[in-house]
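The chain below stands alone, shown as structure tokens; this is the form predicted on its own.
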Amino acid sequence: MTQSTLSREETKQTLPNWISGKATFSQSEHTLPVLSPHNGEVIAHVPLSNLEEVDYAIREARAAQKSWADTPVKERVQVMYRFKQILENKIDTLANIIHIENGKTIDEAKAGIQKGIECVEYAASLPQISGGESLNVSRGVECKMFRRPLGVVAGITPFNFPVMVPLWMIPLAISLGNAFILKPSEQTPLASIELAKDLKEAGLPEGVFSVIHGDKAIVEALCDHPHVKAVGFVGSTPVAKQVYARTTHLGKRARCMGGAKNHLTVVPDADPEMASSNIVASVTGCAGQRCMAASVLIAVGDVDHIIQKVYEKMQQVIPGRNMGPVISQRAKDRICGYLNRCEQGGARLILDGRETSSEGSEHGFYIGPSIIDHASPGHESILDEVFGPVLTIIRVDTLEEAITIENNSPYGNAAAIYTCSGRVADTYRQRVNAGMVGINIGVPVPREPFSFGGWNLSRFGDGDITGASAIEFWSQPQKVTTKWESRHRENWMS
């Protein structure tokens, strides 16, 4: 298959794939526009690659993976050390790309990159944390465990963290000796090519990392391809469930992270200033477009003084100044739909962000922070993942009621409580059904080596997507039992 390569800066309007260590234009005639959420303007076109290009990328990856797997792990991770330095040196450039294509503020973009760099650091430590095991199990008999790569693996990543989420997968997967194919979101595809260039600069051999742009057809092709041995996915719960079922039906590995409906619980003894500031940051950070965002506040007892502070601080979050837009007009319309219908069932809209625009960016996809109060547990804004800067409040009398509401959610990504009582915090922690729990922290994202992952409908497949269980996912153990000399038989192994 002949591929044309990127040679002129002017051609960057149509994004290339990245195959065999170089920018490679798709032969497909079909593209989608990439819109900047700030103003709705087209900033690039992303190709809808064809299945022949998927096959080509996988062939190149298979060829490169064989020698990469034979490279000692201490040599492989040297690429990660250099990659980390490159990411740190160009964090401003990467953050600006994320700002333009995703809408995040520059500070939010940098924070995501820094979290991703933690995963690069973790991968660089593989020789120390995953060096294999050996044990003399009998006289003259030794057992060893080696960690072997799977081969060619793939990652399918969402629009909301175009650098961080790929870095949850790529560093460990390739450091373990696999070749990796990334299918980024067609809404935020620009950063993926930058990551490819950075890995090449860090010394990664050609073919070990590839980028294939496209839509649902490419996702399905990667799930179905016989030479793709494992698939990692982060996105919505319905799609996560589909990807997991499609991949595992073929006997392959899949670890798919879905959506969430995170509940924050505030009790009367909470520190008003700390709680209100943290709740607002959790709701409005990244314009609410993250699976760890607070979307439900369960108010236990008399906490009106804290809710008032939340209301006042939410009004200080100004779209276009300290909060970015949502990803698309479609996303904005969907969020506004919840606000349009919010008073059905007796809830009250006490802060309305629908009529919001950013000066100079009137065609951007901006929506202001919003608060729905006095909602019932069955209200649609309680049950659905709104994925925007909307906080819905439920009023209850007891902590018991709050925990029951949280645990009735089909999701299980994150939960948090605001309290000054260690006893209350520990009771909550022990009884709440969520994979990640915050105590006075509304976005309880673990720092490496503690792994990221939820429960229930927030995750399909065993284990988390980072940390030690990710090492297990992207590799397979090989056990070798060795005997070199004859000994007098003393047990069944002698």
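Note that this is a predicted model, so its numbers are computed, not measured. Just count from 1 along the sequence shown to find any residue number.
Below, we refer to the form predicted together with nicotinamide-adenine-dinucleotide (NAD), which is not included among the displayed structures.
The listed set A402, V152, M80, C291 contains one residue whose heavy atoms approach nicotinamide-adenine-dinucleotide (NAD) in the predicted bound form to within 4.5 Å, identified as C291.
A single residue from the set Y122, Y366, Y338, F159 has any heavy atom within 4.5 angstroms of nicotinamide-adenine-dinucleotide (NAD) in the predicted bound form; that residue is F159.
Although the partner is absent from this view, D215 contacts nicotinamide-adenine-dinucleotide (NAD) in the predicted bound form, with a non-hydrogen atom inside 4.5 angstroms. Proximity of I307 to nicotinamide-adenine-dinucleotide (NAD) in the predicted bound form falls outside the 4.5 Å heavy atom cutoff. Contact annotation: S236 falls within 4.5 Å of nicotinamide-adenine-dinucleotide (NAD) in the predicted bound form, judged by heavy atom distances.
Taking non-hydrogen atoms only, T265 never approaches nicotinamide-adenine-dinucleotide (NAD) to within 4.5 angstroms in the predicted bound form. Looking at 357 to 365, 344 to 352, 269 to 277, 182 to 190, the stretch with residues near nicotinamide-adenine-dinucleotide (NAD) in the predicted bound form, meaning non-hydrogen atoms within 4.5 angstroms, turns out to be 182 to 190. Residues G258, F387 and F452 are all found to lie within 4.5 Å of nicotinamide-adenine-dinucleotide (NAD) in the predicted bound form, as judged by heavy atom distances. Contacts between stretch 456 to 473 and nicotinamide-adenine-dinucleotide (NAD), counted in the predicted bound form as any heavy atom lying within 4.5 Å, involve S458 alone.
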